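A lone chain, given as structure tokens: the form predicted alone.
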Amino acid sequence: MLQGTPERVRDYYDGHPISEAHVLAALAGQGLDGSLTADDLFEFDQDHYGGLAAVDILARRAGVGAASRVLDVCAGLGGPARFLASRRGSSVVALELHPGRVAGAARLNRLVKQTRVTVVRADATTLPFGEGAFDACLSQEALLHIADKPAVLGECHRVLGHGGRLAFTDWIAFSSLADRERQRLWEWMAATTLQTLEGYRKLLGRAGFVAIEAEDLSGEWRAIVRKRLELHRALRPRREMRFGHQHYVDYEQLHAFFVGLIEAGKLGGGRFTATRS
């Protein structure tokens, strides 16, 4: 299962419904094609659960402020990075491996003239930064794609300064999640080495972090995923016209599968914070 992880992740995001093209089309659909700000993008460029409120919670847990040097690990299209830069005045490095999302994030930054965000294409397990380069590391629903979780957590620890904070959210597994269901999550969304709440606690401790906190967000995410599935079904004619029948069916099956696992108590979400000693 662990072989070819970067390629599987790339394939998954090549066909992801939230893309630079999606953001631009949504802006055009609302008549927003003139001078734009980062705020104009926020309704469309937040590819994670909980929207801006979720980013803000992570920022508060990590102590992010105007003077903070922030690393957004697996930043995707850079929506959270632009939020931190525009709302908190932070200097943010948006690190992403997928070439299309790297290019899209950079173009969206230029579109809204966001100069506080620097987009860097690199592997999260071998960060191209020196020790203590950042005050905070954030990530949202991305580490599920990384097989070597000890490596990425160790790298976050290395690039944080003393007292720096790591705050991230991710999918978590419960003991009832079967091997065949883990395999389907791998095949459909490149989810690998899914952790439990306690598993992440242990990995963070082994990486050298202290003051570790783990929160179960499964209840919140259950409601979000259910609403996403209902919206997807309500918009079926429009989405079939835009993406094609098979794409619609595949996406509907994925979300129905998610909802089933979460409602059965097999899969959920977690939020984690920890400090570099």
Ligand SMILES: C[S@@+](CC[C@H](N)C(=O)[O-])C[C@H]1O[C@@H](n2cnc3c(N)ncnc32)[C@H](O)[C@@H]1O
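Keep in mind it's a predicted model, so treat the numbers as computed, not measured. Position 1 is the first residue in the sequence shown; the rest follow in order.
One more form of this protein exists, namely the form predicted in complex with this ligand; it is left out here, but the text below deals with it.
Q: Which listed residue (Ala173, Val117, Cys74, Ala191) meets the criterion of a heavy atom within 4.5 Å of this ligand in the predicted complex?
A: Partner contact (heavy atom, 4.5 Å) among the options: Cys74.
Q: Given that this ligand is not shown alongside this chain, does Glu141 nevertheless sit within 4.5 Å of it in the predicted complex, heavy atom to heavy atom?
A: Because a heavy atom of Glu141 falls inside 4.5 Å of this ligand in the predicted complex, the answer is yes.
Q: Counting only non-hydrogen atoms and a 4.5 angstroms cut-off, does His48 reach this ligand in the predicted complex?
A: Looking in the predicted complex, residue contacts with this ligand include His48, since a heavy atom lies within 4.5 Å.
Q: Should His98 be classed as touching this ligand in the predicted complex when contacts are defined as heavy atoms within 4.5 Å?
A: His98 belongs to the contact set for this ligand.
Q: My question is simply whether Val9 lines the interface with this ligand in the predicted complex - judged by any non-hydrogen atom within 4.5 Å.
A: Because a heavy atom of Val9 falls inside 4.5 Å of this ligand in the predicted complex, the answer is yes.
Q: So which of 121 to 129, 83 to 91, 174 to 182, 157 to 165 is the stretch with heavy atoms within 4.5 Å of this ligand in the predicted complex?
A: So the stretch in question is 121 to 129.
Q: Counting only non-hydrogen atoms and a 4.5 Å cut-off, give the residues of 229 to 256 close to this ligand in the predicted complex.
A: Not one residue comes within 4.5 Å of the partner.
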